[in-house]
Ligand SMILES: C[S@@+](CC[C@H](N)C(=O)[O-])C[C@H]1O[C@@H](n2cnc3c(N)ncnc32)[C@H](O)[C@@H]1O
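In the form predicted on its own, a lone chain appears below as structure tokens.
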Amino acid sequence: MKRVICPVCGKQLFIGDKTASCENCHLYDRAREGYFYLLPPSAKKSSSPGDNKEMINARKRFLATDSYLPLADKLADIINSRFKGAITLLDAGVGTGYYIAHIAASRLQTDDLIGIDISKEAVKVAARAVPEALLTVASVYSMPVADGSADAVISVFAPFADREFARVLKDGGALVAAVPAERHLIELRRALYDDVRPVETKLESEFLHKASREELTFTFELDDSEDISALLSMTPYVYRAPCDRVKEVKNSRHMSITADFSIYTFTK
């Protein structure tokens, strides 16, 4: 039973082929792509929150190169080392579905998969990538997921809503969060800026116990200007860097790039 709840009243949603409804008769239609839109108007800060279609298409193209496959493998290894039986796995910030699909494919069991993202464009893509998952448009800060219903939560480059993660996790459950480390995309940043400063995200939580922090660093090669442009379009640099530098990078035909991540495991 997928423990998804009504975003209006908090009662369990009963999922049908075409609709989802709760005991208070709140009704939600399943979109043509297969997802449910469960983001209340009060949670929206714009008419179309989250990454737009252009950014999602760029992310989809770049991830299709499997340049971040070592990260997906690492996340799968962490989940598989902790959980041997079938679990409920929640991807909070599912994006295009790349990471949850990879983890699901690595599992010996059939897990209950839930994916949440505030970007409707992202969830549309994820619905095609992971059709077996229950996918919803929602905020990670107010997830339509029942208390204590997830064995594991993954958060990859997504907002760190640790209070909400603690709420939806079962006792003994685990959160695995991946964030950029100091040298992440250093070559790309050097091509865009004269003054490149270290950028690193450190995660702390008063609601969950930090069990471990691991570093994952590797390099990948991009030999297509479209793939390089897609990577750049996934980052905020495309909007912040000087226009001439952005154009130069987008026209590059080859780049060797460092990926540098910190991967945290928190437990409840």
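Counting begins at 1, following the sequence as shown. What you see is a predicted model, and the numbers here were worked out from it, not measured in a lab.
One more form of this protein should be noted, the form predicted together with the named molecule, which is absent from this view; the next part is about it.
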Original post:
Given that the partner is absent here, does Leu63 sit within 4.5 Å of the named molecule in the predicted bound form, heavy atoms only?
Top reply: yes
**OP:** Indicate whether Gly95 is a 4.5 Å heavy atom neighbour of the named molecule in the predicted bound form.
**Re:** yes
**OP:** Mark Ala76 yes when one of its heavy atoms lies within 4.5 Å of a heavy atom of the named molecule in the predicted bound form, and no otherwise.
**Re:** no
**OP:** Classify Ala72 as contacting or not contacting the named molecule in the predicted bound form by the rule of any non-hydrogen atom within 4.5 angstroms, answering yes or no.
**Re:** no
Original post:
Which pick from Leu185, Leu192, Ile118, Val179 sits with a heavy atom within 4.5 Å of the named molecule in the predicted bound form?
Top reply: Ile118
**OP:** Identify which of Ala146, Val140, Ala166, Ala104 has a heavy atom within 4.5 Å of the named molecule in the predicted bound form; exactly one of them does.
**Re:** Val140
**OP:** For the three residues Gly50, Val156 and Pro159, verify that every one has a non-hydrogen atom within 4.5 Å of the named molecule in the predicted bound form; reply yes or no.
**Re:** yes
**OP:** Just one of 206-214, 55-63, 23-31, 223-231 has residues with a heavy atom within 4.5 Å of the named molecule in the predicted bound form, so point it out.
**Re:** 55-63
